[in-house]
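Below sits a lone chain in structure tokens, taken as the form predicted alone.
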């Protein structure tokens, strides 16, 4: 059984996709141990509660500095002994100690086809604003392992989404979530839970 901890900062639509995937059998051999948010107002915590999953908020505002927050965050995370950490819209830079301790055991969903529109500054609507400003015809989403860079870890799955005439950042964001994110994040978790993903020479390989 793959024990996962899901880290979320906002509404938790990707968390909901994971919960639904476990319930409908799209994700097998997996259990959500806890949901951690850095935002006390995150609706994701309500989603966790509604489904009987422990939800906890660890906010940087509760600590005197970032180092103290990082220590507290990692200490709480370690309590759950996760096999996999899933970043599902988590707007916090992970401490180096965490990426090292959980090497190739942290995954992230990013709303573009990496390496496009990713890295520092590209998050949330900013990704879709960038795609529309550049005039791309195809965008999408990527699930990747997390390393010490920003959106630089091995890519597990990607799924394309067509940009349509008249798209706004908001409409494009919604379609990328519906057509890509909510599909490939559960799919990646299921692959990992069943031993079908490996990292070889810095690249993720599907077995």
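Residue numbers count along the first chain shown, from 1. Fair warning: this is a prediction, and the values are worked out from it, not measured in the lab.
Just so you know, the form predicted together with a small molecule exists too; it's not on screen, but the next bit is about it.
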Please tell me whether any heavy atom belonging to residue 73 falls inside 4.5 Å of a heavy atom of the small molecule, as the geometry stands in the predicted bound form.
no
The small molecule contact in the predicted bound form: residue 13, any heavy atom under 4.5 Å:
yes
Classify residue 161 as contacting or not contacting the small molecule in the predicted bound form by the rule of any non-hydrogen atom within 4.5 angstroms, answering yes or no.
no
Spell out, yes or no, whether the shortest heavy atom distance between residue 91 and the small molecule in the predicted bound form is within 4.5 Å.
yes
Counting non-hydrogen atoms within 4.5 angstroms of the small molecule in the predicted bound form, say which of 58, 177, 34, 157 makes the cut.
177
Spot the stretch among 74-82, 98-106, 117-125, 131-139 with residues whose non-hydrogen atoms come within 4.5 Å of the small molecule in the predicted bound form.
117-125
